[in-house]
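Next up: a single chain in C-alpha cells, the form predicted alone.
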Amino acid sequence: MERLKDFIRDIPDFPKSGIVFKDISPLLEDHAALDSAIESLCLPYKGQTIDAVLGIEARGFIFGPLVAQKLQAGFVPLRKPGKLPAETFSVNYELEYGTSQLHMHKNALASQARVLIIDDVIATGGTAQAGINLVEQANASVVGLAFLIEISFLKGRDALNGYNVHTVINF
C-alpha cells in the first residue's frame, strides 16, 4: 500500500488556508493504482454479506460503485442537500473546516440491510459518523467503513469507536 501513496498529491491551503488537501486524481488516472486501491478497499469484506455500499458525496461516488460491483452489492449515494428527488433522511455534521448535511433516500435500504460505507478520506470522522446516522435512521446496520486515506493525526477513527474501520493509506 505504500506504493499507492505515490499517487496522492498534497494541495496546500485547499479548500481553505491551513488545510492540506489530499488529491487522489493521479491515482484515478492510473489503471493499476486504481485497481489496487479498489481491491484493497474490498479485502476485509470479501465473503461477507453486504447488501449495499454507501458512497459519500462526492469522491465516495468514485469508489463506492466499484466496491459494490466487486462485492456483488447495490450502491446507495449519500448526497448533499437538494440533490435527491424523493423523500430523504438527513443529518447535520461537523467537518474539520465547517458544517454540512447529508441525505439518503428513505427507501434506499431495506430494514436490517447490512451496509458498508465508503469514502476517500477519513479526517475527523464527522462525515462518516453522519453516514452511520443515516444507516441507523433506516433501521439498517453498518458492517464496516472503508476509506482510501486516513489522516491519522485528526483522530477520526476515534469518532467511529465500536465500528469496523478499514483504511488503505495512512498519513
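Numbers follow the displayed sequence, beginning with 1. Quick caveat: nothing in here was measured; it's all calculated off a predicted structure.
Keep in mind that the form predicted together with a small molecule is not shown, yet the notes after this line are about it.
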In the predicted bound form, does each residue in the set K46, D51 and G74 place a non-hydrogen atom within 4.5 angstroms of the small molecule? no
With the partner left out of view, is A33 within 4.5 angstroms of the small molecule in the predicted bound form by any non-hydrogen atom? no
Within a 4.5 Å heavy atom cut-off, is F21 in contact with the small molecule in the predicted bound form? yes
Does the small molecule get within 4.5 angstroms of any non-hydrogen atom of A146 in the predicted bound form? no
Can A108 be called a contact residue for the small molecule in the predicted bound form at 4.5 Å between heavy atoms? no
Of 34-42, 132-140, 112-120, 62-70, the segment with heavy atoms within 4.5 Å of the small molecule in the predicted bound form is residues 112-120
